[in-house]
Structures are given as C-alpha cells and as structure tokens.
Ligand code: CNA
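Heads up, the chain below is alone and in the form predicted on its own; it's given as structure tokens.
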Amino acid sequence: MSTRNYDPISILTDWMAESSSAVFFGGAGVSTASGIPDFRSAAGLYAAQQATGRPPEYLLSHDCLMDEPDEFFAFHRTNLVHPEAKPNRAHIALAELESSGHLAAVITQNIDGLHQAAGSKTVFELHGSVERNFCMGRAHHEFSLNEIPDEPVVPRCPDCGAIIRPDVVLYGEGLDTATVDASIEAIQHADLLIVGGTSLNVYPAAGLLQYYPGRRLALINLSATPMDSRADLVIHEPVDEILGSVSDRVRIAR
C-alpha cells in the first residue's frame, strides 16, 4: 500500500527506528549539497562538454585513457576530483544511522569517498573511488589521491614508469564483480531499502534494486524516477534534508 498521503518524514523515521538491516542506495544527488555537481546540472559534466567540444562519455572512457591520456587526465582532474568537498547532512546522517545499528550498508554510485569521510564503515562503491589510484604496470602499485602530483598531467609510477590511473569504472569497463555481489547480498537481506539522490537511469547499477524482496522501499529524489510507481514511499525533496531530519528524530526517540 502506498503511503504518499501521510507525513513522509514520520513514516521513514518509524521505518528506520524499527530497522536493523536497512540499506541506502545513493547517486549523485547525495553529494550535490557538498558542492559536487551531478552530470546534468548547470555545472555538471554535460555542461563541460560545451567547453571541450567532446562528450564526457569519451573523455572518461577506457579508450580515451589509453589513446589520449593527456585529454583524459585533464578532464578527470577538472571535473571529477573535488578535494575541497566535505560530507553533508546526508553522509553524516547515514554514518550515524549505521553507528546506532539501524543501517547495514551504503551502496553508492558516487566516487568521491565522502561516505567514508563522514564515518560510514560498510560502503560498496559501485563505480570505484577517486581516492584510490593504481599504476597500470604489472605490480599495480597503489596510491592515494594525495600522492598524485598535479604535474605532469599524466601521472606515472615512480617505480615502474606506468601510468597511474584512478580506481574508478570508466565508460567501456564493467563493474567490479565482488562489489556487485556484496551489494546484492546486502539488498537481499535488507528490511528497508532507501534510494536517494539518483534518477535510476544508470545501468547496470540501477538494476540492483530488483533484488530487494521487501515491502518497505523509499525513494528520495528531487525529480520523478522510473521506480516511483513501485515504491511504498516517495519523497521529492533534497536527500540531505530528509536524511538529516530522519537521523535527528531517530536519535531523539532512542
């Protein structure tokens, strides 16, 4: 039964307070309050296409990395690396809900590492993270984002000379199987699934929702999604505000 005609924050708070294995599935909208634009915003990647004259799907692809690494890294550093960004209320609320025993896992399509920065422990990063980097040589030496120099534009391993690439899923690459399997397992065992800050148009990530067997599916997104009609609760409000309010109410009720 749909609960659209009732106070959505109260309903979601009650569900979360009763939950011991909730899962949050999030997208770009979770990080916009931290100053990181989503793909289609005025400052997003598709707007950047007008400046470069080339589609972001190519500039952030495996082909571009291999064929034009200068172009790849220039675009990657300008548009995907945001060292100034800090966790917002959504990230902090999810970490609090995990710490209090209500949230089992965060599954994110974002690559900014802000969930971990906020204190979340169980985070499945479907598309990887800019915080992790590795060289493309045989040894696969690992580097943190802080260890990658600004120059040269194409970073190279000091040990083997191979290109150091970000540990993110590029266009033309598949998702990490172990991360997908762990995400599916978390969703299958969830007693509440909250989907926030995502249009659910990016596959195969969005397809993971089909594995949720439960009845409490909540969607939080500014615009409508293809899953709205199947959800038990739909909230078209900023995800940081909603999650922040829910976490505050759950904490007060304890």
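Heads up: residue numbers just count along the shown sequence, starting at 1. The model shown is predicted, which means the values in this text are computed figures rather than measured ones.
As for the form predicted together with the ligand, it is not shown, yet the points below apply to it.
A.B. asks: Is Gln109 close to the ligand in the model of the complex, meaning a heavy atom pair under 4.5 Å apart or at it?
C.D. replies: Although the ligand is absent here, Gln109 would touch it in the model of the complex, with heavy atoms inside 4.5 Å.
A.B. asks: Quick one: does Met66 come within 4.5 Å of the ligand in the model of the complex, counting heavy atoms only?
C.D. replies: No, Met66 is distant from the partner.
A.B. asks: Residue-level question: is Asp228 within 4.5 Å of the ligand in the model of the complex, judged on heavy atoms?
C.D. replies: Asp228: no contact with the ligand in the model of the complex.
A.B. asks: Would you check, heavy atoms only and a 4.5 Å threshold, whether Ser199 touches the ligand in the model of the complex?
C.D. replies: Yes - in the model of the complex, heavy atoms of Ser199 and the ligand come within 4.5 Å of each other.
A.B. asks: Whether Asp14, Ser19 and Ser247 jointly form a contact site for the ligand in the model of the complex is the question; each needs a heavy atom within 4.5 Å.
C.D. replies: No.
A.B. asks: Identify which of Ala218, Ile36, Leu59, Ile187 has a heavy atom within 4.5 Å of the ligand in the model of the complex; exactly one of them does.
C.D. replies: Contact check passes for Ile36.
A.B. asks: Could you work out which of His76, His127, Arg89, Arg156 is the residue within 4.5 angstroms of the ligand in the model of the complex, going by heavy atoms?
C.D. replies: Of His76, His127, Arg89, Arg156, the residue with a heavy atom within 4.5 Å of the ligand in the model of the complex is His127.
A.B. asks: Considering the ligand in the model of the complex, find the one stretch among 157-165, 140-148, 176-184, 110-118 with heavy atoms no farther than 4.5 Å from it.
C.D. replies: Among the listed stretches, the partner-contacting one is 110-118.
A.B. asks: Within 9-32, which residues have a heavy atom closer than or equal to 4.5 Å from the ligand in the model of the complex?
C.D. replies: Read in sequence order, the residues that approach the ligand (within 4.5 Å, in the model of the complex) are Gly27, Ala28, Gly29, Ser31, Thr32.
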